[in-house]
Ligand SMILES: NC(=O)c1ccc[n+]([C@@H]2O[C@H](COP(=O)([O-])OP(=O)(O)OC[C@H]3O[C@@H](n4cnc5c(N)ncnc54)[C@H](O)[C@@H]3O)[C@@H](O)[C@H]2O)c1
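Take a look at this single chain, the form predicted alone, given in structure tokens.
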Amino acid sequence: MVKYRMKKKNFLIIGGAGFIGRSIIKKIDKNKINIHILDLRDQNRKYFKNKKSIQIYNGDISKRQVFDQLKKKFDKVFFLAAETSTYLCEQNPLKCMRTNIIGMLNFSEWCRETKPKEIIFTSSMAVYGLKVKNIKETTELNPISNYGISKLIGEKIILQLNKIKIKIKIFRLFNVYGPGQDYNNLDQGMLSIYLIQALKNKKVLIKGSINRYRDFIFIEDVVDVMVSNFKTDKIPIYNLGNGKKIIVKSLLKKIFKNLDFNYKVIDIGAHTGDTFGSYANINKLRNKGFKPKYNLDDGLKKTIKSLRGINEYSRYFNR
């Protein structure tokens, strides 16, 4: 009896060397899917130097010719590449717009030529504006930061691809955290910034009020949603958060309790473009069967456990 091997699908992850990209790679079944990565050369060398099972492409998405490398027919494309720090986008708006807008336009042009079957785009809660309180996807959008503006423009560009029958999913991410985050980048990721400062210095410098609030979603919950194959709605935009309001003061207490440290908090003043408060209404995803598996306490414990296993940080636990 002749056995036929099922043809493997091709997945492309643009920005695959980032936190979410690397987490998606761990989740994907390599026996069924060929993984292709497009990211900056230095990032690819850092994370995929010896990964022979992954097809690597190097390049800056703000340059159109970079996409000429991608000649395969892709079943699914995750577009994750972005300048993701609100703070850095305020400091260097031109870099933000080159990556997040010009890069998206280049991607869109490539999609029109190659027509991948499905695109998953990571947008941000920053598209909503100053206060994001139990907010729904249908709420009027009013971004106050360069980053939020760039993500909103990215959404509009991506949605145009619906007209040529490409399946679209847009996830407005809230505060994603967990093992594998770039702990050396203290301009991105509120929880990781506070956690590393607390671990190293037993004090935390905060930009703005300790009464600000956020919605923290664990990386495994994010990846589970992003790789799922649920049927999309007419408007394929979804809040991806935990749906819980966590005040900064409460977050800091949880961090120091888990580290078993006494602590000091220093307010160094807010930066422009910073959202005071945000947490998601996730009913739209709940209707697709999504329920977060991790609350903040569980996710924080797993994150700290992972830090204990990293040489760069393990020594701080033994002081």
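Note that residue numbering follows the sequence shown and begins at 1. It should be emphasised that the depicted structure is a prediction, and the values quoted were computed from it without experimental measurement.
Same protein, other form: the form predicted together with the named molecule, not shown, and the subject of what follows.
At the 4.5 Å threshold, heavy atoms of I20 reach the named molecule in the predicted bound form. Using a 4.5 Å cutoff between non-hydrogen atoms, N142 does not count as a contact of the named molecule in the predicted bound form.
Although the partner is absent here, G15 sits close enough that one of its heavy atoms falls within 4.5 Å of the named molecule in the predicted bound form. Taking non-hydrogen atoms only, F218 never approaches the named molecule to within 4.5 angstroms in the predicted bound form. Contact with the named molecule in the predicted bound form, defined as a heavy atom within 4.5 Å, holds for exactly one of T99, N242, N106, Q197, namely T99. None of V132, C89, V77, L80 but one reaches within 4.5 angstroms of the named molecule in the predicted bound form through a heavy atom, and that residue is L80. Segments offered: 144 to 152, 206 to 214, 230 to 238, 106 to 114. Contacting the named molecule in the predicted bound form at heavy atom distances within 4.5 Å is 144 to 152. Residues T99, T122, S123, S124 are the ones in 94 to 127 with at least one heavy atom within 4.5 Å of the named molecule in the predicted bound form, listed in sequence order. With a change of no less than 3 Å, the CA-CA distance between R41 and N184 is smaller in the predicted bound form than in the form shown. Three angstroms is the minimum change: in the predicted bound form, the CA atoms of Q43 and N146 sit farther apart than in this structure, by 3 Å or more.
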